[in-house]
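A lone chain, given as structure tokens: the form predicted on its own.
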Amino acid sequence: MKVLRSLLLACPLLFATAVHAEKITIAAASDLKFAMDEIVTKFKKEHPGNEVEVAYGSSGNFNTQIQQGAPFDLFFSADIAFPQNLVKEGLAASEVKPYAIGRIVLWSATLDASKMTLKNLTDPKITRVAIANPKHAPYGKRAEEALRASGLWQKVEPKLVFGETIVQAAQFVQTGNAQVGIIALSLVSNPELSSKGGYWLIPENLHEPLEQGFVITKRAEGNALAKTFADYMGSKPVRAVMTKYGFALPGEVKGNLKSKKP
């Protein structure tokens, strides 16, 4: 009888949780893979009963998909220009909020890239260099800009292999399909990658800034959970996670980043 009474008391609470449970689907740039996974885990602990799904991909492709009606509630782009365009096109339910500035690095799983520079990519022993596709991936575009600014594009271009995303470019290096890659600092900040080969931080003056921003899409205009998650991005726990993965935060200067040995 005592057990039955406890169940009866718990039922209204369970029912209320089910009624108010909400769901959001996030389109996130691939460079956020490790950081966003941690952020979503923390968010779910603080907002139990709600569902948060994340799809990772290239910002350019997500931008096109949202324009075509893809069911995403928030869009975290590696290039702030994409969500800004969505606002101009009337496809957003919020202003664009800058959330981070990314960096690119030279990384290898087999060579000590901390002792390399872009010029080393012209070495005949290096035959395959992975970058994300510059046509739709901001990190690939910045890699191309850095190579062109260094006067190395024509020499390195024949060696390039293109990943659909910056994560795929990293996988090319991780699996030995490329000896070196130009990838995101946020990815090599994960121990799985940073424990191999080391990386060299590519100087910021060789490319345009990787200013990143997010927006709530028009589809999520009445979704309270989307607004809650957007607000959560400015919290201390989130800022700590972003810093952990090498992102500079809006309004902060990142002056102590260095190349790193494994």
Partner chain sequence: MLLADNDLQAIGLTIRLASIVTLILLVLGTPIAWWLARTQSRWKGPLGAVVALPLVLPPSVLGFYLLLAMGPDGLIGRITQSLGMGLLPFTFWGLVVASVLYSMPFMVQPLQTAFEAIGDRPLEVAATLRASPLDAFFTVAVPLSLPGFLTACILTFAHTVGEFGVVLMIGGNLPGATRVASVQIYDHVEALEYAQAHRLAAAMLIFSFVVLLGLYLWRPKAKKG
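Because the structure is predicted, anything quoted here is derived from the model rather than measured. Positions refer to the first chain, counted from 1.
Keep in mind that the form predicted in complex with its partner chain is missing from the display, and what follows is about it.
Could you tell me which stretch in 169 to 177, 98 to 106, 185 to 193, 70 to 78 has residues with non-hydrogen atoms within 4.5 Å of its partner chain in the model of the complex? Result of the contact check: 169 to 177.
Option touching its partner chain, based on a heavy atom within 4.5 Å in the model of the complex, out of R128, K119, K115, R148: The option sitting close enough to the partner is R128.
Mind checking whether each of H47, F214 and Y232 has a heavy atom within 4.5 Å of its partner chain in the model of the complex? No: none of H47, F214 and Y232 comes within 4.5 Å of its partner chain in the model of the complex.
Would you classify T228 as touching its partner chain in the model of the complex, given a 4.5 Å non-hydrogen atom cut-off? T228: no, not in contact with its partner chain in the model of the complex.
Even though the partner isn't displayed, in the model of the complex is G197 close enough to its partner chain, meaning a heavy atom within 4.5 Å? No, no contact at 4.5 Å.
Does any heavy atom of F162 come within 4.5 Å of a heavy atom of its partner chain in the model of the complex? Yes, F162 is a contact residue.
Since only the chain is shown here, I'm wondering whether T64 would be in contact with its partner chain in the model of the complex (any heavy atom pair within 4.5 Å). Yes.
Heavy atom within 4.5 Å of its partner chain in the model of the complex: which residues of 131 to 158 meet that condition, in order? The stretch touches the partner through N133, K135, H136.
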